[in-house]
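Below you'll find only one chain, the form predicted on its own, shown as structure tokens.
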């Protein structure tokens, strides 16, 4: 009998054929979901309404990764949720089998190959890189040295107009009280090597077309990481007459989604110079505010978009004098929930609720511009379902979301991407999200630190030169 180690035991797992190598499991127990390539045997298994990722790996790596993922999950880090380890497995002949590490499937997430379709827009690639840079910085802030940064070890979820990145593989990770500059740079050097190989692979598969270039993309990742790290932790010096720059620094960090625990402020004796250095404790500034007000659990940029709509609702309804929590409850019941009710049950696997609401807002804006009138939200929701949502591939759990590699290439085995692709097959799922024309909204510039400083200067907050 195998041994189960789990913080969240699920007795429904007991009858599964743990005495069989994972590669030989019958397909009726498996779910075909998009995922990245792996050096290990990985399968998705369905237990009732739950879906778990099962990875067969040697015992010391399984235990190490399980403990690390548990720590990361406890620290509220963007990573997959660990479920348990199955050890002491033996086949019917009594031979020992490698343990299996179980993690919970991250709903609505996609591996990078599902997002790099032929002709992918440069703006989309830029947003993917931003999400990856934010993930690396968040891990470094809590003292986590990854040791194997690569596209295959990351899952992406749509986050309003951007993406959110999640760590999937922590085999090589180390959790420290803090990281030295040398440890961070070593992680970045590994990232450069791995990512360059990933981008070359995409280029060879016809998924990375000019002007996208592997070495340029790798350089972009490291440049944006250093800019973000400087903004998160760098020392800023200014004169005593520019005290508003302290608030400006906090606002810029909040705009990036980070909260500040404390600000180290030093003044030099006999001088008007002031030096500040923030202590950034956590990302999710807008997520926490939205959760507190409405109970909705979203990504950071989704939360920002929903909060903007909440603030607009408060202004239009003349509720500026009413407690924010009361207004949030009214917005939830009078705006958000009625929009969700317009989505048929069979289409709800295509987008998570917050992402769907964001896309309805976009649809409404375009419709209002096109028809020169303010389109009501319910009408916009109905039009979005009819014109957009019905044509989208499922992203929660679907055979239709299998990874496309080229215009006609499909996986030989949908349960095992490592077996490669067939030469002929049906076209990849059509995603109108990639078909926006040139009049699409201006990119968010999420990691454009210079733009954030310029915006702060325009609003009188001070730009803040760092060193």
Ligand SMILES: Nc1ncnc2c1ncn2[C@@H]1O[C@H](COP(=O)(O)OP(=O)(O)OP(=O)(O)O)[C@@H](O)[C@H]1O
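Positions refer to the first chain, counted from 1. Predicted model, so just to flag it, every value in this text is computed and none were measured.
One more form of this protein, predicted in complex with the named molecule, exists but is not displayed; see below.
Each of 42, 80 and 111 comes within 4.5 Å of the named molecule in the model of the complex, counting any heavy atom. Exactly one listed residue, out of 370, 74, 176, 292, brings a non-hydrogen atom to within 4.5 Å of the named molecule in the model of the complex: 176. None of 251, 329, 275, 104 but one reaches within 4.5 angstroms of the named molecule in the model of the complex through a heavy atom, and that residue is 104.
You can rule out all but one of 151-159, 331-339, 362-370, 213-221: in the model of the complex, only 151-159 has residues with a heavy atom within 4.5 Å of the named molecule.
In the model of the complex, the named molecule stays beyond 4.5 Å of every heavy atom belonging to residue 122.
Among heavy atoms of residue 50, none comes within 4.5 Å of the named molecule in the model of the complex.
When the named molecule is considered in the model of the complex, residue 38 lines it closely, a heavy atom lying within 4.5 Å. Under a 4.5 angstroms non-hydrogen atom cutoff, the named molecule in the model of the complex has residue 183 among its neighbouring residues.
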